[in-house]
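Next up: a single chain in structure tokens, the form predicted alone.
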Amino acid sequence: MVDKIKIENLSCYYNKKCVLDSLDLNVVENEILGVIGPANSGKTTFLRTINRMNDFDVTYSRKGNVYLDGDDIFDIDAENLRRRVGTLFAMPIPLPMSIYDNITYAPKRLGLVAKKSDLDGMVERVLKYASLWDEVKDRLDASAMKMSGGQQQRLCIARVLAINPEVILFDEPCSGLDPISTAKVEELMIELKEKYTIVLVTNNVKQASRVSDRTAFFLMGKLIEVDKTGKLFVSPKEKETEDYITGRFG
């Protein structure tokens, strides 16, 4: 197994208050790493450090190292990093334009695809990958804002795939979706790991148990334990983990 992401002794602060303490964790290539834990456990800070979204927060500071394929992410140009590390947020955020333009906007801006025929092919490919092509192929010029919530989230997944990332970060991707849409997104994540490395932050413990290869449990800014999902959910090493996954708190 090859480490795609490696975190060494990472501590993160907002206004000098520690919210993530001395984290050591790896993400293996082509796995789904689930990250669970109650609110204020450091999960989102962890994601926002990997894609350097916290660079925009003047109250944020950090110590420690994060590596992508052995390269320090803080030495990589931020825009290039975010092309390699795509992010899907809790609420779908389609751009106020057509379905087609939502997908082609970033590739055209980044100069990844130029020819109209290549753009057309890319749109079809990523929509099929996102299990959305059959639902929208006859209305690509329609506004993405008129799609259902589940369709918008799958469109946002297609939009991430259009920039051909290496890693995809999912931050509560199903929090606002109905059970049917949730099942489609979960099925898609399992398919995507064949090509991409995935980190899934979720408050849905059952979701982590369904889709994750390994699961990490965070509590109050600390990594309590990480293990293969089947093992962690059946026989966790730490009492705090057992209490959380059995619903005693959180």
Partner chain sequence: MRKTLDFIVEKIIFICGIASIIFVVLIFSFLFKEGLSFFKDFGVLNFIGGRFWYPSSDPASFGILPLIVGSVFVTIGACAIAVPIGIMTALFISEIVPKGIRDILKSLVELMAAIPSVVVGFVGMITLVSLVKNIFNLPTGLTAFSGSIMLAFMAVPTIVTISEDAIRSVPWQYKQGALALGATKWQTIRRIVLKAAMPGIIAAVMLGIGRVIGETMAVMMITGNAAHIPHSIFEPVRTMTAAIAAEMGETVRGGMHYKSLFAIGLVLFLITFLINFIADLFLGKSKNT
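Since the structure is predicted, the reported quantities are computational estimates derived from the model, not experimental observations. Residue numbers count along the first chain shown, from 1.
One more form of this protein, predicted together with its partner chain, exists but is not displayed; see below.
Asks: If we take heavy atoms and a 4.5 Å cut-off, which stretch out of 117-125, 67-75, 131-139, 93-101 is in contact with its partner chain in the model of the complex?
Replies: In the other structure, the partner sits against 93-101.
Asks: I'd like to check something about R48: if you look in the model of the complex, is any of its heavy atoms closer than or equal to 4.5 Å to a heavy atom of its partner chain?
Replies: Contact with its partner chain, yes.
Asks: Taking heavy atoms and a 4.5 Å cut-off, does A106 contact its partner chain in the model of the complex?
Replies: A106: yes, in contact with its partner chain in the model of the complex.
Asks: So in the model of the complex, does C174 come within 4.5 Å of its partner chain, heavy atom to heavy atom?
Replies: Outside the cut-off, so no.
Asks: Report yes if any heavy atom of M53 sits within 4.5 Å of a heavy atom of its partner chain in the model of the complex; otherwise report no.
Replies: Contact with its partner chain, yes.
Asks: Any residue of 194-213 with a heavy atom within 4.5 Å of its partner chain in the model of the complex counts; write them all down in order.
Replies: None of them.
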